[in-house]
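Presented as structure tokens, the chain that follows is alone, the form predicted on its own.
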Amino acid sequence: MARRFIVNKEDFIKNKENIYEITGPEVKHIQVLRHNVGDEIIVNDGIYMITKMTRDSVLLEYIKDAPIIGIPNTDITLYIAFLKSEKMDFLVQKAVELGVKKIVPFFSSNVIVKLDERDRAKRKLKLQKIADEACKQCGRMDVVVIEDFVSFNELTNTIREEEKVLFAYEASKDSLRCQINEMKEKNIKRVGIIIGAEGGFTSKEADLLKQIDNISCVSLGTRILRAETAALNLLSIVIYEMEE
């Protein structure tokens, strides 16, 4: 299968019927991988043939839509308290490979990382690049979106839009199996997963989440897991069960 490239809308211009031009950072990526005129590549969700290459641009002729593969049937959003740099990078990469559709980082009381507006923009850009690279690596034909970072209060409003939200909480006694069975019975297709920071949630924050109607607290067992481990564990289980 042809290699896939993810190009921003502003860097992907339609010049005339079936002829497109790529500018921006993916031009260098195409060149580094030694593609030449006549090669077929996948750009976003279409298959194109390279017709001309310059230092700063690549001209393409549209051939057909690319086959849709690697996209999970269940639309899963990971709501994750912002983790330290390397842990956050690792989690985004692996969550995309497993099949998450969207990632919403948030800042709760016990989040250690402190970012100003400029740093948030830079981190979001880096995490989106990691997500894009992970999509290409694992053969997904969609794009996983890193949403704007939100506060805990904004999180409590955003999650109300989900059909079902699983809140991994160490003090919960509720069975994950029961919740998944209920989701299957109701044919739920949009699921949220909430994972707290390294220090967990405060009791006040946990109580606020538990009061929201579409949230169910679930236990991940008797062992206390690191935040990134808990996220990947719960995500793996949900995707496996919902994709059967």
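Given the structure is predicted, the values throughout are model-derived calculations rather than measurements. So that there is no doubt, residue numbering starts at 1 and follows the sequence shown.
Just so it is clear, the following notes concern the form predicted in complex with S-adenosylmethionine (SAM), a form of the same protein that is not shown.
In the model of the complex, at least one heavy atom of E170 sits within 4.5 Å of a heavy atom of S-adenosylmethionine (SAM). At the 4.5 Å threshold, heavy atoms of L235 stay clear of S-adenosylmethionine (SAM) in the model of the complex, well away from it. Under a 4.5 angstroms non-hydrogen atom cutoff, S-adenosylmethionine (SAM) in the model of the complex has A197 among its neighbouring residues.
Put simply, Q31 is far from S-adenosylmethionine (SAM) in the model of the complex: not one heavy atom of it is within 4.5 Å. Look at 177-185, 50-58, 197-205, 22-30: in the model of the complex, residues with non-hydrogen atoms within 4.5 angstroms of S-adenosylmethionine (SAM) sit in 197-205.
In the model of the complex, the residues of 215-230 lying within 4.5 Å of S-adenosylmethionine (SAM) by at least one heavy atom are, in order, V218, S219, L220, G221, R223, I224, L225, R226, A227, A230.
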